[in-house]
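Only one chain comes next, encoded as structure tokens, the form predicted alone.
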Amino acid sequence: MSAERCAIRMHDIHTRFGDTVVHRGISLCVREGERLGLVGGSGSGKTTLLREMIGLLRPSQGRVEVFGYDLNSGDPGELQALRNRYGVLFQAGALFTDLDVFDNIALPLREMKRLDESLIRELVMLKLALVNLDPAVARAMPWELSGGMVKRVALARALSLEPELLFLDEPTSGLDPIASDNFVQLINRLHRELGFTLVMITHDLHTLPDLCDRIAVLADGGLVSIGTLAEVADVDHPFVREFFHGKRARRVLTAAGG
């Protein structure tokens, strides 16, 4: 374990909100360059754990390190520099509705206050091409886009600073099967080309064999299992049996060779 190179390391994480206990002693390593999926039932703390990895929430107890930096160290300058090394795609895209596509993608670049507008324009158009969107989309408003296009624009914004670490929250939620498959193919292509570390929350069983090297299963306030799809599906736990061994799940696992 000591030889693992961890993009994220979580040490004995406990999380409480008042009398509600969400996490009890979660420890894990997200390996550099891997694609890790987080699964669990409603209320299992997946999104909370993701927010703790990002630094949007601080655990009640324990330590989170990203690229070796302790998020609880309290240095605002170092923390901001760290945040520039990762991108986040929220579940609904979280585009600013009063900004067009161009300005949504340009926002993180402008916040750096180091780039002139001509370079920002070039970078925005490069990011649109990276996610297979036509340049004409740049001046569209978010409400003019399909669900799949919103996801791609949000992904382009998440990639605007060329992150080493990418967080995806339910990336295929709300997409039809074709758009979902296309989005998964896009993420895999970008992972191969850019080499970032990927952490993804999903309830979509179909994405797991295609998009994850390992899967972390959350239940009962803890980490029930972490491993390959075949390894976690073999764990004897009520949530695992329900999630991975229903009729639909068996079809997916069989197709994936699990």
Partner chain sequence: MDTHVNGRSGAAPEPPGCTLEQGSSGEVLRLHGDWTLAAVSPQIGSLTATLEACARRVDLTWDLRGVAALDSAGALLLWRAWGRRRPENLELGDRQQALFAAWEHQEDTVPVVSRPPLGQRLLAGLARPGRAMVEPTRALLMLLGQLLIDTVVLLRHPGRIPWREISATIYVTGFKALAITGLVGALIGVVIAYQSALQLRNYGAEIFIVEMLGFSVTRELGPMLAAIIVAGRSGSAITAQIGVMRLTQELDAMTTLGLSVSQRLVMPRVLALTLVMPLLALWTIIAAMIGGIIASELTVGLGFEYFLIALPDRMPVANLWIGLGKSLVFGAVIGLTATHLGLRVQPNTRDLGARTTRSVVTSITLVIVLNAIFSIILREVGFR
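Positions refer to the first chain, counted from 1. Please read all numbers here as calculations on a predicted model, not as lab measurements.
This next part talks about the form predicted together with its partner chain, which is not shown.
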Stretch in contact, per heavy atom within 4.5 angstroms of its partner chain in the predicted complex, of 176 to 184, 131 to 139, 150 to 158, 86 to 94
131 to 139
Contact between E78 and its partner chain in the predicted complex at 4.5 Å, heavy atoms?
no
E32: touches its partner chain in the predicted complex, heavy atom cutoff 4.5 angstroms
yes
In the predicted complex, is there a heavy atom of its partner chain that lies within 4.5 Å of any heavy atom of E111, even though the partner is absent here?
no
Would you check, heavy atoms only and a 4.5 Å threshold, whether G195 touches its partner chain in the predicted complex?
yes
Is its partner chain in the predicted complex close enough to S118, E122 and P163 that every residue in that trio has a heavy atom within 4.5 angstroms of it?
yes
